[in-house]
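In C-alpha cells, one chain follows: the form predicted alone.
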C-alpha cells in the first residue's frame, strides 16, 4: 500500500480511538464528581452530555475554535494577494480544494493548518513569516501545511487541541470542587475518600491530555516535509524556511500556547533553541535540524 494512503487511514483510525479515550476520561470525571456529590449517575449523565457537545464542536467547528485561540483572522485575495496566490497554487499542486487563508499579526514567523478534512481546512501564517520568507521559502511552508491537510493530520491535531483543552478545563473544575466543594450528603471518612479521588483525577486528567498530544506521531512532520518537497519540486525552499523559523522563535511569544504548539510548523514554545536536538527531545515536533538534514538529502 502507498505509505501516504496508509498514513491517512492510520490517522483516521487514531482520531476515533482518541475520541474513545477522551470519552472514557470524561465518563470517569463525571462519575467521580457525581460520587463526590452523592449521585454518580447524575454526574455520569452530565459528563456524557458535555462530551457530546464538545465532540460536535471539535469535529464540526474545530478549525474556528483553533483560529480564535491563535488570534488568526481570515483574509481575502484582495487583502493579501501574494499569500492567497501562493496557497491557491499549492492547492492545485496538492490536488485539494483551496483552504481558507488566515493571518496572525505577530512578527514571530510560523504557520499552521487546521480543520476536519480538505474541504473544511484553513491555513494560517504570521505576518512575520510573510515578511521574512522569500517566495521559495513561503511556498515550502505552505506546501508543508497543504501536506498536513492532504494527509488528514489536521483532523487528528484539531480534535486533540479541542478535546485536550476541555479535559484540562475539567481538571480545573475538579480541583476547585475538591478545595471548595461541600461533598453533597457525604461526610466523614467517605467525604475524605471522595476528595482524594477528585484530586487524583484532577492531576491525572491534564497529564492524560498531554500524553495524547504526544501520541500524535512525530513522523507526520517528516512525511509532511517530504510531501511538501514533492509538491514544490524544491526541498531547499522548505529546508531554508525551517532554518530561519527555528532560530526566530521567541520564548513566551503570543504564539506560545500549550494547546496549540503541536499544530505549528515549528514548536514556538522552544524559542530560538528549536533547532537544537536536546531542546526538541520532549517536544511535539522532531528536531528541526533532523528535518532540514532529511530535506537536503533528497
Partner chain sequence: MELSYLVPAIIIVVAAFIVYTYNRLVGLRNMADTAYSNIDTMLQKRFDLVPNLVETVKGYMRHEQELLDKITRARTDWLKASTMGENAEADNLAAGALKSIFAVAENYPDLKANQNFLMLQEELVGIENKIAYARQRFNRTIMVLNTVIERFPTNLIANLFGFKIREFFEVESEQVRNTPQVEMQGGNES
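Positions refer to the first chain, counted from 1. Everything numeric here is computed off the predicted structure, so don't read it as measured data.
Note that the form predicted together with the partner chain isn't included here; everything after this is about it.
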property: Contact test in the model of the complex: residue 233 vs the partner chain, heavy atoms, 4.5 Å; result: yes
property: Contact flag, residue 290 vs the partner chain in the model of the complex, heavy atom cut 4.5 Å; result: yes
property: 4.5 angstroms heavy atom contact with the partner chain in the model of the complex for residue 104; result: no
property: Residue 135, heavy atom within 4.5 angstroms of the partner chain in the model of the complex; result: yes
property: Segment assignment from 88 to 96, 157 to 165, 116 to 124, 67 to 75: heavy atom within 4.5 Å of the partner chain in the model of the complex; result: 88 to 96
property: The partner chain in the model of the complex: contacted by all of 139, 223 and 294, heavy atom 4.5 Å; result: yes
